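A lone chain, given as structure tokens: the form predicted alone.
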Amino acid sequence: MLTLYNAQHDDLVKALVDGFTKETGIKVNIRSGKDFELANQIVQEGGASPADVFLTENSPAMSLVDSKNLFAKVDDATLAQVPAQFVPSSRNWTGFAARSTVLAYNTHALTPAQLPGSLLDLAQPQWQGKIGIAPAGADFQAIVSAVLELKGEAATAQWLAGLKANAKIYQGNIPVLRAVDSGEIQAGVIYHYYWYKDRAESGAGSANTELKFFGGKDPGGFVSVSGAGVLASGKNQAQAQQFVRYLTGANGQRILADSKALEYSIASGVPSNPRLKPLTELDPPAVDVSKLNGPKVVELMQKAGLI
């Protein structure tokens, strides 16, 4: 039996695990937590960790484990299924799903012409009290990681100081979206799938909103990668590699694309859910997912007073 440390959404991962077990007969014990909670646990456990595979929502937690040399190399046959931009330069883990940064805005408060041209513009004084963010979550911290990688430390610190002055703080992407929908704020930074999931269900939390995809290689167009890696200390290496190969293979990607998660499928040529704006139209910035610096981001956000 494989032991999976899982920081992705439970319902999606259960569907993937069920598909894997049905296909291979290999059972999987899922232990769920948050990105950095589990990454730090793996680092503390070191070679004694019971984990065989680690899954995250975002890549900075993968980079933390990778920096401690705790991953085994992912099989070349698995990496061959994944486009290069979703594989870290270390090749010690791989992306298996993706999510786009977006700005949800209230259509009664803002017209498309009034929207910021860049994510960085939200630090300007005209947005004071009008925007929302969820800085404590791994999602937003991954977005800040991308800004840091693309713009450097000084520009990121300046941007964060502007957000501290302008933004209302919420405990997650869903509260941000609801606040935008109610008119409590005019716009908020979230990942795309929270809006699409709400629209696919009742639309009750998004009826008064639309999404801006920044695109144009702006930091606000960042596409974050959900990661999968095999722990070097795992007792079931072959089965763990088999599981990661399944996640990035056609069958695993079809489960992802057909699920209610509404994240982007990225591997084996499997198209994403047709509800989504096509991944090929997003025009995100080029970011090496292995260079996203989670600890430095936390330090900068603490200095800015956001966490």
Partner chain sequence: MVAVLALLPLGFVTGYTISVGWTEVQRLVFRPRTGELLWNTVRLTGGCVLLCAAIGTGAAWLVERSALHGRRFWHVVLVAPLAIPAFVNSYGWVSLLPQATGYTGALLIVTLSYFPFVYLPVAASLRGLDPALEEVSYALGQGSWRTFWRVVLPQLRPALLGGCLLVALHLLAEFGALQMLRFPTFTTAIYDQYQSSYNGPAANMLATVLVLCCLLLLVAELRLRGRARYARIGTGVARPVPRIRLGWWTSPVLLGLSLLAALALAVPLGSLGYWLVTGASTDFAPDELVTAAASSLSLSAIAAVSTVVLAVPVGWLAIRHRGWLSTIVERSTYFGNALPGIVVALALVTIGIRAAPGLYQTTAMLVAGYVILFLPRAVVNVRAALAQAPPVLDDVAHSLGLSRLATLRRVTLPLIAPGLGAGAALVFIAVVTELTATLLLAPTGTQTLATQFWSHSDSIAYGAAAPYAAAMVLLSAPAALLLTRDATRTTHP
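Positions refer to the first chain, counted from 1. It should be emphasised that the depicted structure is a prediction, and the values quoted were computed from it without experimental measurement.
The protein also exists as the form predicted together with the partner chain; that form is not presented, and the subsequent description refers to it.
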Taking heavy atoms only, is I30 within 4.5 angstroms of the partner chain in the predicted complex?
-> yes
In the predicted complex, does A238 have a heavy atom within 4.5 Å of the partner chain?
-> no
Exercise: R254 in contact with the partner chain in the predicted complex, heavy atom 4.5 Å | no
If you check in the predicted complex, is I169 within 4.5 Å of the partner chain, heavy atoms only?
-> yes
Counting only non-hydrogen atoms, choose the one of 104 to 112, 161 to 169, 146 to 154, 214 to 222 that falls within 4.5 Å of the partner chain in the predicted complex.
-> 161 to 169
Spell it out for me: taking the partner chain in the predicted complex, does every residue among Q44, Q141 and K197 have a heavy atom no farther than 4.5 Å from it?
-> yes
Quick one: which residues from 1 to 25 get a non-hydrogen atom within 4.5 Å of the partner chain in the predicted complex?
-> T3, Y5, H9, D10, D11, K14
